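For reference, the chain that follows is the form predicted alone, supplied as structure tokens.
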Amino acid sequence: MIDIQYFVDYYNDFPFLVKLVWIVSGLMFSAIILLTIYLKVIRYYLRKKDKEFTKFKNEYEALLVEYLYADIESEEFNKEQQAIILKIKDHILFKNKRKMIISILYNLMNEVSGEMADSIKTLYYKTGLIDYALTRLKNKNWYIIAKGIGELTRFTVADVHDDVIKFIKHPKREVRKETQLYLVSLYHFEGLSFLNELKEPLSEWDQVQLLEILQKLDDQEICDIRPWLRSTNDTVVLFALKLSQIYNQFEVKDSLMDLLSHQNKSIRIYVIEVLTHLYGIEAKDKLKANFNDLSIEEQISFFGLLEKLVIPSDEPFIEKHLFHKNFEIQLLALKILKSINIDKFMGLNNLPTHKKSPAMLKLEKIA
């Protein structure tokens, strides 16, 4: 039989540091054992939950498909459909099951269209799921409000516009973003009316998301974007410029010309890019006359415009900037010269090496 007292006395004879090492080692070993047990329990729980979700998902997907096809056969809700609705109503009382049902419904909506999509939306109403989303809008927590608006957007619930629009000036960016996405998803270009009074910055990512929604629309007539081009909110102006370019808004050229003298350099540069796309030849003379007052970035953008809209009378201006201090402008000037006067371009090769610009020497090496 092991004498425990022997080991206790043996341990007590150790120096303090050795005792401390044993204590720490013991604690760490115990922690490892406990964490291993905890991870195994968590893994078991997650696997069990995943199996339950898969079983529940398969059951409800079959149930919802049954509901949809029953709806096709009759305009009225038949007994079969009513039974399905009642079953869903019982399950949505539980938060986890409610989340799963919403997820299944949304996934189905992405896979169908037309009457079937309308049937899923009707089911969303009939089961009372919409009431839970509307309840979220009354919550004090901003992230719950944002989730509620996002759900209403996914199920294209248009008749709660007045409940959602009040969040357009919410102090939290995430809530404002969801409100903006709701308005544009359901009301398309008309939904962009929030830009009229927008004071907060419209982030680059928000702009991308809004444009992505708009570009999915078929045969949508764009609204008048000129008020947004005159906005005091620079991000709104930049977004309007993107709309000008994507939707070929030739009728806003006058407004774009005014923006060439905007105080924000990023806007001025983007305006030149949009005018290039819209063949804004009116801008060429104005920019050429003020070329030396432009920033390097604007000068490069202007040469991009000139490359597309150049005419023979621009040749003296092009030659003047063959030795520009900016290498990119030198390259663009050579490229444009080549397009309008190939003989003069080829004649540059005869210049002494010390008189050639870096761009010329670069082109020689490439050749």
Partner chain sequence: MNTSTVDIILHLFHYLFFTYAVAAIGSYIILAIISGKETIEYLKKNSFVNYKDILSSTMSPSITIIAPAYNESLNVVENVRSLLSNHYVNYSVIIVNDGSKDDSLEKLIEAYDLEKIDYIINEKLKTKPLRSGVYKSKNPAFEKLMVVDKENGGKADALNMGLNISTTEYVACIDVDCLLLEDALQKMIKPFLEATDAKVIATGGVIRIANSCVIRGGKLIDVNLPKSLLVQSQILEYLRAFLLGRMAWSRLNGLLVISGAFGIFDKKIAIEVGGYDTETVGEDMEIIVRMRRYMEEKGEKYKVSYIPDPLCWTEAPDSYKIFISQRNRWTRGTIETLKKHRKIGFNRKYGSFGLLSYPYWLIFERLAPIIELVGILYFVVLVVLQQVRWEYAVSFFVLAYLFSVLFSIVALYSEELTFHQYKKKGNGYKLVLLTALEPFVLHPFILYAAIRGNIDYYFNKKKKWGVMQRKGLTSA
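Positions refer to the first chain, counted from 1. This is a predicted model, so every value here is computed, not measured. Rigid core here is just the name for the largest C-alpha set that superposes within 1.5 Å across the two forms.
What comes next is about the form predicted together with its partner chain, which is not displayed.
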Exercise. Please state whether every one of the three residues V24, L46 and D50 places a non-hydrogen atom within 4.5 angstroms of its partner chain in the model of the complex.
Key: yes
Quiz item: Between the options A146, L229, L192, V271, which residue brings a heavy atom to within 4.5 Å of its partner chain in the model of the complex?
Solution: A146
Quiz item: Given that its partner chain is left out here, which of N292, N110, N196, Q263 has a heavy atom within 4.5 Å of it in the model of the complex?
Solution: N110
Self-check item: in the model of the complex, F327 touching its partner chain (heavy atom, 4.5 Å)
Solution: yes
Practice problem: Answer with yes or no whether P352 is in contact with its partner chain in the model of the complex, where contact means some heavy atom within 4.5 Å. | Solution: no
Self-check item: Non-hydrogen atom contact L35 with its partner chain in the model of the complex at 4.5 angstroms
Solution: yes
Practice problem: Decide whether A31 counts as a contact residue for its partner chain in the model of the complex under a heavy atom distance cut-off of 4.5 Å. | Solution: yes
Quiz item: Hey, of 92-100, 135-143, 254-262, 79-87, which bit sits against its partner chain in the model of the complex at 4.5 Å between non-hydrogen atoms?
Solution: 135-143
Quiz item: Once everything's superposed on the core, is S313 shifted 2 Å or more at the Cα between the shown form and the other one?
Solution: no
Quiz item: Has the Cα of M28 moved 2 Å or more between the shown form and the other one, judged after a core fit?
Solution: yes
Practice problem: Please check if F323 moves between the shown form and the other one, taking a CA shift of 2 Å or more relative to the superposed core as movement. | Solution: no
